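Have a look below at one chain only, the form predicted alone, in structure tokens format.
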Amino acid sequence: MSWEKELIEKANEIIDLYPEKRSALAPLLYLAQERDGYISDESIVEISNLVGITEVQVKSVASFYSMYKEEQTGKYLLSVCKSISCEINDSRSVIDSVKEFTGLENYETDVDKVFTFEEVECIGACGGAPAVQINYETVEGLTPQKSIELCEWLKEEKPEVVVAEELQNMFGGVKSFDWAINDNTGSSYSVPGFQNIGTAKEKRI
């Protein structure tokens, strides 16, 4: 099934932001991933036609960068940082807690498509280590116990939109720095919430 009309219209709006069509490749891949939970072969073809490059060129970008997924993810992508600052602050215990709760190893997705787990390199929150991202929404200062509580909350509450500030207030600890602006937008799937390409969603309170 090809892309629906609404998605193609959104894609063309994004393409119009760039002087060269092919420059829109990265955000179009995020649209594809938000649609299906991964970059499907069908989306490779659609994007190729939209920006005027070969399917091989689209696939080479989609397969090179780890934030583009080649297999369907769960509703919540759990990315636990394992880089040096987080490692020093016991991210291994957080990783082990998440793995034990979900029953997943690295890059695995559960059968119900609720969680996908991955260990990742630095996510830029060294001052708030250990840090975790849920659909690229960052939570800092997480403890092993709080990481389990976070997973339980996601599984039980099934929030349609995950918002960093809410997650931080509920489950986080020490932050890298105080966030100056309250933000009620977040992500609804395994794609960063970018307002300029329409992947950011507002959580209704």
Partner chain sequence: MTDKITINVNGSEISTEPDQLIIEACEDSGIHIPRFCWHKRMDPVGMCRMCLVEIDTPRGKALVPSCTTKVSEDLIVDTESEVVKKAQEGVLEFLLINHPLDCPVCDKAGECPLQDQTMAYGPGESRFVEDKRHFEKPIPISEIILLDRERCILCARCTRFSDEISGDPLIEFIQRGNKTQVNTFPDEPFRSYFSGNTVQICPVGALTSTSYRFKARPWDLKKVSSTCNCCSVGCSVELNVSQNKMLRILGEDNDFTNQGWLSDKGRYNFEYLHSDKRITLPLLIDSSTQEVSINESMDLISNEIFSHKKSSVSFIVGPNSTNEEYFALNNFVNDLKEKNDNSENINIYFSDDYLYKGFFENQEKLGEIKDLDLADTIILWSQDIKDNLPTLYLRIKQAVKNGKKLLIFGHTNTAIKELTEHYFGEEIINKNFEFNVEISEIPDLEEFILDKNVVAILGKSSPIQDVEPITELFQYLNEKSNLKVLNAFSKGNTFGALQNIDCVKGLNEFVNEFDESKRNLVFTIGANPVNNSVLSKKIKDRLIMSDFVVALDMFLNETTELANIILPTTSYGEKEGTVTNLEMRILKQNKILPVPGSALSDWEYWSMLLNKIDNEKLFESEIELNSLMCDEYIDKEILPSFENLNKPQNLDGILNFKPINIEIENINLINLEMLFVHRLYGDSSSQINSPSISMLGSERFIEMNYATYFGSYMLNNDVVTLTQDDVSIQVNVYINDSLPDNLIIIPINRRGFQNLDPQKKVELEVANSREQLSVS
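Numbering follows the first chain given and starts at 1. Everything numeric in this text was worked out from a predicted model, so none of it was measured.
Absent from the display: the form predicted together with its partner chain. The rest refers to it.
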Checklist outcome for this item: Checked E160, D36, E55, E149 for heavy atoms within 4.5 Å of its partner chain in the predicted complex; positive is E55
Item to check | Residue among I44, L154, L50, L167 with a heavy atom within 4.5 Å of its partner chain in the predicted complex | outcome: I44
Checklist entry - Going by a heavy atom distance of 4.5 Å, is S63 a contact of its partner chain in the predicted complex? => result yes
